[in-house]
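Have a look below at one chain only, the form predicted on its own, in structure tokens format.
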């Protein structure tokens, strides 16, 4: 079994600003991997949408940033001028041939994309995901028990939000829950600080970890998603090792950080808005609408494309080989697409948001993400109906293409929260 091809090839552009160096102007020199971007991204999007709706930076070998919903949607639907061969902007370009890419189907182009996506649809159907509700509620209850035992001031990100999708995805894939710390390391290295981690030992690589997981499942098949992928056949032939490993990598990276960021951002909002918190506690049926509004207003994911053929974004010419970021969170706050776009409305009725992307790559795990977010909030509010930020300045937002609080210190208000009996 091979470990798969190298993922990236170098881009030579020694004159460009390096990622992580100070930003001089968000419209001409933005860097989404900096702490300044992480802390103020919504304000940056809103300003750019008015002053420079298609920003550009020489960083990462040349990157464009459209902030209008119409432009983001047009690019997401355009598979002729843009390739999905890599969806994470870095100082390197992918060295994995199209149309499969490194992590199918998200890095796949048509027509291979449709084939790769269709293979996964049964595993993420509403019926398949519904069976995860009970273990997910149990995970949340256990986490809250452990967290409340530590005292009235807790970190709702590191102690709660960041563990939920880790445990759910580990359960889904059939890997040990204690591998969660390794997942977080992979995510930080690949998503938050792409290409900036320095040399990594082979035994610490994601591909090395996944190679071992697949080998273990070959030796001992079980009822989980890894064994399902290994057992798939197309025209009498099993999926290639690269396809299996790439898809598992996608599920780990895309299925964990995105969801814990949405959960964390939602809790951050509720800690700051007691009126919304009280509404959800008093009228739990509003949660259906609230989940969609949390997803719209705090959409965590910005994807990327590579320009395949010279084209234009608005009136801006873009060249083949350039990166294009697709900030779905910015699109979700565009007043041209949403009424009162800059206001969180807990029971918003019309809400065709782009939190799960647009076009052929719309997230196939949306059923799972919605389930995890809803259950995480329901269980938290059941046990912790009243809470606030204990240190607003202590909240730290993640850098890179997935935005959510990495630290979220909150104070649980009222001793009664500790004494609520958890339902099974």
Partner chain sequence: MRIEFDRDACVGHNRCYLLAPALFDVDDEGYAVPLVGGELPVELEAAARLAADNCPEFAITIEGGDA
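Given the structure is predicted, the values throughout are model-derived calculations rather than measurements. Residue numbers count along the first chain shown, from 1.
Missing here is the form predicted together with its partner chain; even so, the following discussion is about that form.
In the predicted bound form, its partner chain sits within 4.5 Å of a heavy atom of residue 359. In the predicted bound form, its partner chain sits within 4.5 Å of a heavy atom of residue 127. When contacts are judged by a 4.5 Å heavy atom cut-off, residue 237 does not count as touching its partner chain in the predicted bound form.
Its partner chain in the predicted bound form is approached by residue 292, whose closest heavy atom lies within 4.5 angstroms of it. Proximity to its partner chain in the predicted bound form, taken as heavy atoms within 4.5 Å, picks out 351 to 359 from the listed stretches 40 to 48, 351 to 359, 55 to 63, 389 to 397. Every member of the trio 77, 118 and 121 reaches its partner chain in the predicted bound form with some non-hydrogen atom inside 4.5 Å.
For the candidate set 142, 150, 288, 208, a heavy atom within 4.5 Å of its partner chain in the predicted bound form is found for exactly one residue, namely 288.
Along 41 to 65, not one residue places a heavy atom within 4.5 Å of its partner chain in the predicted bound form.
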